Every structure is written in structure tokens, then in C-alpha cells.
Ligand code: 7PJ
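Only one chain is shown below, in C-alpha cells, and it's the form predicted on its own.
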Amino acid sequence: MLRARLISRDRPEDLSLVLRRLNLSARNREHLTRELGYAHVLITGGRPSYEEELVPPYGSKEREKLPTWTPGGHLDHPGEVLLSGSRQQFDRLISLARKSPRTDGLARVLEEVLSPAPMPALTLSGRRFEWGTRTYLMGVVNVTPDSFSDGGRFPDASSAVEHALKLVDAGADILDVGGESTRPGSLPVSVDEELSRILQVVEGIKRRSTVPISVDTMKAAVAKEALKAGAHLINDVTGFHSDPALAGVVAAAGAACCLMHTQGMPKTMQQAPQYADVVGEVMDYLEEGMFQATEAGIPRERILVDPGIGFGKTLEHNLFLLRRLEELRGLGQPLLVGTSRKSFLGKLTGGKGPQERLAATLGSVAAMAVLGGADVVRVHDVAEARDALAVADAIRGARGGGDLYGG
């Protein structure tokens, strides 16, 4: 599959601020932003012939007008190349590639990654989620006896609903209700058992709040009843790879979905997970789920994606995915990420238990907001995460450098 992955890019908004600081005209600022702003883009799944068809010979002045072309050396991955250059150089390459049907696909994926279309807003339960304006909070409502962090804390529907309402008061934008533990080593439960745990909770929240409700399930039968009870989003930890009927249920209800990546099922997923390219394989898996969703009739604007931190991944896999969240933006969908209280945070902080991982969770949440641009973070401690995100989002959007910067 031909794909462009954004490895790094100078932030054009920061460059624009410096050019404003130099008192350059708006026209010159726009021109220089395209000429000076550099990007590095990894192309995978392409053809070795692209270079022959598009790039002039070495030493040619025409070659200097295009991005630097660094081909890969893997014999089993022919056509991989790192492109490095200014936006102006990329624009010239895109224009050349568009001239032939053989290279038009390269033009398309480059355009998508360098000039992504704004993601449409998502409306759930009358609330509008404007992606890119701030990081939204999904509060966790586990109604399971064996979840890794808070299993058994809310043994009945009444206590779970009260907890959910406290999360709303603390600032949760969405509530995620789960009736089946997906912690490493957990076993599946029956449809009837899962429904008995969640339905009254969903109905109770619906009666007392307008907050959007997500239900964390991989079963079509559970999703169907949950959506009837008032849920608005189905959060499938298998990314529509488990139950082939699930996408159709979501589509028929006009609901939204979040597709998560996992390698294996909870019972076995942490038994020596391996990847050749964790980012690329996560993207492939999520694209397959997105295809299932759209084929079933779910509009793309109602699909979120989640890299699945802790689901079939080692500590290093988790850290690398968090560091490279921007690459996942190449999928063109809002990113939901859950790190809250997870075991990799315990390992990083000297073996602390789930209830002792608040500071580590907040560090990961703030880093994701600033560096990776996660759109939604799934957390247990909503009030504390809200404060961390208020700071992180403000830093990311800071523009007040003084009068010479225009404000």
C-alpha cells in the first residue's frame, strides 16, 4: 500500500511568527514559508521506478528544485524513499507526479500528508467536537469486577452512574462505559453478562446527563442494545477485526465509532509482541478497520482511531508510538489515545501500582497534547487531566511574543 508518512516538519506557524517579527509583508511571509519550511516524508509501498520517472540526474539544476531523494536499502521493501525539502520543492514534485497516471498516486499521498484537509467536526448528543481546537477528555466508567485499575469499585449500576456524573462535573467531554475487562490476560465474558453490567448504567447516565456516552465493546449484540439504550459511540478495542457484524450495527444506528489497534486478544496479547515497523503496522490495521466501517456505511467523519497503547505492545513499542503520533495523522482521522494508569507507566516510575500512576499519567497526557496532537485522551482522573491539558493546550497555542510579533 502506497503511503506517505510525515517524519518531521518545521512548524509553519512558528516560522510565520518569526517572519512577522522581521516586519516582512504578508506576501513575503507566505512566499518564504513555502521556500524555507522543510519537511521529511517517508514513502512506503512505492515503486523504484518513481525516481527514474520523476527525478532528473544528479548534478542537474532541475534536480535541485525537487526534494532530496534518499532511497532505502531493504531488498524486501523496494520503492521506499525519504524525501526531504521545502514545501516549494514538494509542490514541484507533486506537480510533476500529477502528469502521469503511473505517478499520480505519489502526488495524492504527498498532498494528503503535507496539506491535510481539515477534519470535519463531530456532533454527539448535541455536543460539537471541533478537532484541533483543544484536547477533549473521555472519562472511564468501568463496571467490571476485574479491570486492572478500578475493577470492582462500582459493583452496581447506581454507584457507577454516580461516578460517571462526578466525571462529568470534573470536565469529562465523553464517558466510556465498559463491561468487559480487556486487561492483559483477561478472559472474555458472555453477551448476557456484559449487557447486565452496562445497560442500566447507560440508561442511568442518559436520564441524568446529556454528555455523549461511549460503550467499550467488541460484540455486535452488545453494541446494538447499548445504542438502543442511549449510547452514541462504540469503542472497539479490536478495530472492527473481531465481530464482522459490528460495523453494520454502528452504521444502522447512525452512531460514531473508535477503532483501536491490538495485536492479539487480551488473554495472549502481551506474550512477546513483535513488529517489523510498529507505526506502519498499526496504520495498516487501522486502515483495514476504517475500510470495514465505510463499507458498512459509517461516514468517515464519525470514525476515530486509537493506536492501542498497551494492547499487544512492549514498553518500547508504546513509547515509540507516543513519540510518533504525528505519523498516525496520515490516516486523516481524529486520534484518541489512552495511557491512563497503564503498566508501562508503572515500569517507567519504578514499579508503582495503578493507583500511584497519576503523575505519570498526567505527564503522558500533556506530552501527547503538545507533541502528538492527540484529539481525545481517555483517563480515569478527569479533574487532574483537565488541568494538565489546560496548560498543555495553552502552551501549544501560545502566540503572544510581544509587539514585534503582532500581539
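In this text, residue numbers run from 1 along the sequence as written. Quick caveat, the model's predicted, so the values are computed rather than measured.
Just so it is clear, the following notes concern the form predicted in complex with this ligand, a form of the same protein that is not shown.
Note on the partner interface in the predicted complex: the residue among M290, L83, V279, L336 having a heavy atom within 4.5 angstroms of this ligand is L336. Exactly one listed residue, out of V201, I174, V222, C258, brings a non-hydrogen atom to within 4.5 Å of this ligand in the predicted complex: C258. Only one segment in the set 348 to 356, 377 to 385, 52 to 60, 31 to 39 has residues whose heavy atoms sit within 4.5 Å of this ligand in the predicted complex; it is 377 to 385. When this ligand is considered in the predicted complex, F311 lines it closely, a heavy atom lying within 4.5 Å.
Taking non-hydrogen atoms only, N235 approaches this ligand to within 4.5 angstroms in the predicted complex. Interface membership of N318, defined by any non-hydrogen atom within 4.5 Å of this ligand in the predicted complex, is ruled out. Under a 4.5 angstroms non-hydrogen atom cutoff, this ligand in the predicted complex lacks Q89 among its neighbouring residues.
Residues G338, S340, K342 are the ones in 337 to 359 with at least one heavy atom within 4.5 Å of this ligand in the predicted complex, listed in sequence order.
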